[in-house]
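This document opens with one chain alone, in structure tokens, the form predicted on its own.
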Amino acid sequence: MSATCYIKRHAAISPGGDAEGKNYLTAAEPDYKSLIDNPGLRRRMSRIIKMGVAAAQMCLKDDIRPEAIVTATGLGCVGDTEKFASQILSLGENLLNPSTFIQSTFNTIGAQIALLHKIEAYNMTYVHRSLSFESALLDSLLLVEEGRHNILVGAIDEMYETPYTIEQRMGLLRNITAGEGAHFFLLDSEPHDACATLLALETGSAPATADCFVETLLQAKGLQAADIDLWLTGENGNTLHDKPFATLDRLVAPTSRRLSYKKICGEYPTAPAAALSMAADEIAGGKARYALIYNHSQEYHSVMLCGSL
């Protein structure tokens, strides 16, 4: 989709690129007291909910009220799901705590943000495996085209010992460092106070070659590969997974920078949200005029193109 919208704000809770003795990267969490001031509410929230709500709060400072909330997650609130399943077994399906079940649903974070700000607007959660964030972003672009303002879109996934062990036993993490993160963006059709522009988003299932996929998008926007100052590509260390990225080598100009962003944030379903946050930072800081994000996960491919104002 080639609709243009503006990133007014973005907030990230993500790893710093160091596993700190673990087999996966853990997000550097902020002081939640400064972002979620109700201690009772904060105490009842699980870790992933606090991460998601806190990242959204960073985007919604200055009493901005979004006209839509769109969230994305690949695995949802895994920790709460595990707690609820454990209660079913240990209590023999009797006297179960309903809070654990309520907090285990995929739309919990979007609903919690709406409740905190008393927002009775469009609220949608996308759980589309490795295209979850791109699906949420596509919905947000459609909402911007409809004329809505201040669209809050975010992506949240967590990692801890249980899902890591399960994915490792299933062979999903061979030579791969897993990660986690919470990223939110405030999108609008107006450039006022924006830090970057989202110029295009395209997704596909097993395109012929990655380089042709990218060139088609760039041509549609009147650009050439040499115009891209920053390439954010999603290699994760698995040889078969990383194969499509080799075709991009011929497009990256000697004067451009290329960053394998999953070395910083790790691999998880909504990792492209971390790349978009990195791109917005680079563009806002004047370090890049155009940034292109290429992700490949499972059978899905996606390209996002960002530019300066």
Partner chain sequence: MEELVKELKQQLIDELNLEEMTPEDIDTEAPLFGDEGLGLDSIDALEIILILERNYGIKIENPAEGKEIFYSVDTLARYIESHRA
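Numbering follows the first chain given and starts at 1. Predicted, not measured: the structure shown is a model, and the values here were computed from it.
The next section is about a form of this same protein that is not shown, the form predicted in complex with the partner chain.
S.K.: So, a 4.5 angstroms cut-off on heavy atom distances: do all three of 95, 98 and 102 pass it with respect to the partner chain in the predicted bound form?
M.R.: Yes, because 95, 98 and 102 each have a heavy atom that approaches the partner chain to within 4.5 Å in the predicted bound form.
S.K.: In the predicted bound form, which of 268-276, 254-262, 236-244, 33-41 comes within 4.5 Å of the partner chain (heavy atoms)?
M.R.: Stretch with heavy atoms near the partner: 33-41.
S.K.: Considering only heavy atoms, tell me if residue 91 and the partner chain come within 4.5 Å of each other in the predicted bound form.
M.R.: Residue-level check for residue 91: yes, a contact with the partner chain.
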